[in-house]
Ligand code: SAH
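Just one chain follows, in the form predicted alone, and it is written as structure tokens.
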Amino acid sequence: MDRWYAVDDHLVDLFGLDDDVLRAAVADSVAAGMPQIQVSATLGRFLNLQARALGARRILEIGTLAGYSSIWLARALPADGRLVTLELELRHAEVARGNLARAGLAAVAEVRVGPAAASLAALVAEKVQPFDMVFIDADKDGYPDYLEWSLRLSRPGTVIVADNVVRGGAIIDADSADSRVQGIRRFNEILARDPRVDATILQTVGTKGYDGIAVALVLG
């Protein structure tokens, strides 16, 4: 793992993946006593590039925390774009709003507070325009439900990305007593057989250890 960390540090430096705004977002999350489980800088850049390659104008994020990944995603949007990011905890949402404001992104980013399933149901009820990209990075037990809601809020061509879908290889343990592992297993199984998407999972290593991301394309 020391090698993984060293390579990640090298890549962050090589590609200039850190800046004052991102460092301040992490510092604020530490000061607020929040868990340090935000995406790595390399994954943040991946999300940003995906959104830009799609020409995304509307992005949905499920799981805000301190807004680190939100900043990466919102930076990919045009001036009239929209990021809707969902956070369970009010205190986390307040830190995220501050971080997004410092980044100059308050005009394009909306942080909604409450259980993700309820916020997603509200978006459906509001008949919002479909999202061009969805990023799922919240409680793992809820991933199967979040996928279904995401599909209801998508259109053909929408890309759905989900983090933490390998969990150190624990997903091959069908008998795991960890509800998070079982939630991810169900999510992966649904993703693999759902005719509404084409998808794959990529294993990753780095500062966040051994894990993986799912990438799915919503079909017509």
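So that there is no doubt, residue numbering starts at 1 and follows the sequence shown. Only a predicted model underlies this, so the values are computations on that prediction, with no experimental measurement involved.
Not pictured, yet referred to below: the form predicted in complex with S-adenosyl-L-homocysteine.
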Heavy atoms within 4.5 Å of S-adenosyl-L-homocysteine in the model of the complex: which stretch in 149-157, 57-65, 169-177, 190-198 meets that?
57-65
Spell out, yes or no, whether the shortest heavy atom distance between A41 and S-adenosyl-L-homocysteine in the model of the complex is within 4.5 Å.
no
Please run the contact check for M133 against S-adenosyl-L-homocysteine in the model of the complex: heavy atoms, 4.5 angstroms, yes or no?
no
Residue-level contact is defined here as any heavy atom of the residue lying within 4.5 Å of S-adenosyl-L-homocysteine in the model of the complex; does L86 satisfy this criterion?
yes
Although S-adenosyl-L-homocysteine is absent from this view, report whether I37 comes within 4.5 Å of it in the model of the complex, heavy atoms only.
yes
Let me test this: is every residue among D9, G16 and N48 within 4.5 Å of S-adenosyl-L-homocysteine in the model of the complex, going by heavy atom positions?
no
Of A103, A138, V95, V108, the one that lies within 4.5 Å of S-adenosyl-L-homocysteine in the model of the complex (heavy atoms):
A138
Within 113-136, the residues having any heavy atom within 4.5 Å of S-adenosyl-L-homocysteine in the model of the complex are G114, P115, A116, F135
